[in-house]
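Single chain ahead, written as structure tokens, the form predicted on its own.
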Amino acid sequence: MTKRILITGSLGHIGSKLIHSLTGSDYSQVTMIDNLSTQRFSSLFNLPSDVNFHYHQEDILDADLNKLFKDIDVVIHLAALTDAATSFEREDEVEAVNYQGTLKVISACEANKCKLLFPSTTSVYGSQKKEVDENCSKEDLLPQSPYAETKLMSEQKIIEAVINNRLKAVILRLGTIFGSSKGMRFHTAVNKFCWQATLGESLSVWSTALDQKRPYLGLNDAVNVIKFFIEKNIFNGEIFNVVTSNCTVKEVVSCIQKYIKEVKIDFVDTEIMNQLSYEVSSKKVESLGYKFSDDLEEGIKETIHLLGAIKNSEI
């Protein structure tokens, strides 16, 4: 059965990869909303010709979402300010887009009986001493940035709507994204390191983080898991961690050094990402039958290859 889906933030890092992976046989209509604040026009280039796309240059805070969500089966709400490090400097804006914007999306989904797929973040776990899963109690969730806080607040509002039978939804806590897309940015750890290393710059590593583990998610896995939940029609109101692998910063750097031998590290202090090492379990989503396919080293190799003309690298 084909579905009509709507994607907010459709031209971003994940969104651009998603829209280019769609087929008309699976989705009868794909509505895209993006305010183009980052001018990622190229995300719209050469879209699959067999898909019935509709693009709206709109901001979710100003748009008439009730009108846009009419006759939509599933909403994938990717629109967000995702740079955790800079979210300290723009707390009001992050709260408006990530939280108030999500409240508008929830309301429009309720009014139009749309199912909601909400990508959250593993950053909501904050400081943890051992591997964590979705059973982590609310009291033990320790988000350490305005970005993570707004995602957790949004989760709670979605769960509240589900409990009150106003909404069918699923929440995916995504690891830090690595991999390339037409709309990619370079503020997340792995991609940022690839960019810095390719330019011959020192890698900016938090002074406490070299031997600490972090959860990472390949972009292909991010896209495939979104489609998996839609195709399986899993909107049971639950939370699922989505993590390709848990790796230390040292392991990430070692992968980069295979292709760029001279990699320098600049240790810096910051008020974010100074938490203890933590690992996130994806066993729950795997129990549904989803199989992760991305590989961190392959993702790094691909990204460095795309940047290869800037600085010679051994690929």
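Heads up: residue numbers just count along the shown sequence, starting at 1. The structure displayed is predicted, hence computed values, not measured ones.
A second form of this protein, the form predicted together with a small molecule, is not displayed here; the remarks below concern that form.
The stretch in contact with the small molecule in the model of the complex, judged by heavy atoms within 4.5 Å, is 120-128, chosen from 231-239, 156-164, 197-205, 120-128. Contact annotation for residue 113: none of its heavy atoms lies within 4.5 Å of the small molecule in the model of the complex. In the model of the complex, none of the heavy atoms of residue 26 sits within 4.5 Å of a heavy atom of the small molecule. Among heavy atoms of residue 52, none comes within 4.5 Å of the small molecule in the model of the complex. Residue contact with the small molecule in the model of the complex: residue 209 places no heavy atom within 4.5 Å of it.
Residue-level contacts in the model of the complex: of 36, 268, 288, 265, one residue has a heavy atom within 4.5 Å of the small molecule, and it is 36. This chain lacks the partner; the member of 243, 223, 81, 171 within 4.5 angstroms of the small molecule in the model of the complex by a non-hydrogen atom is 81.
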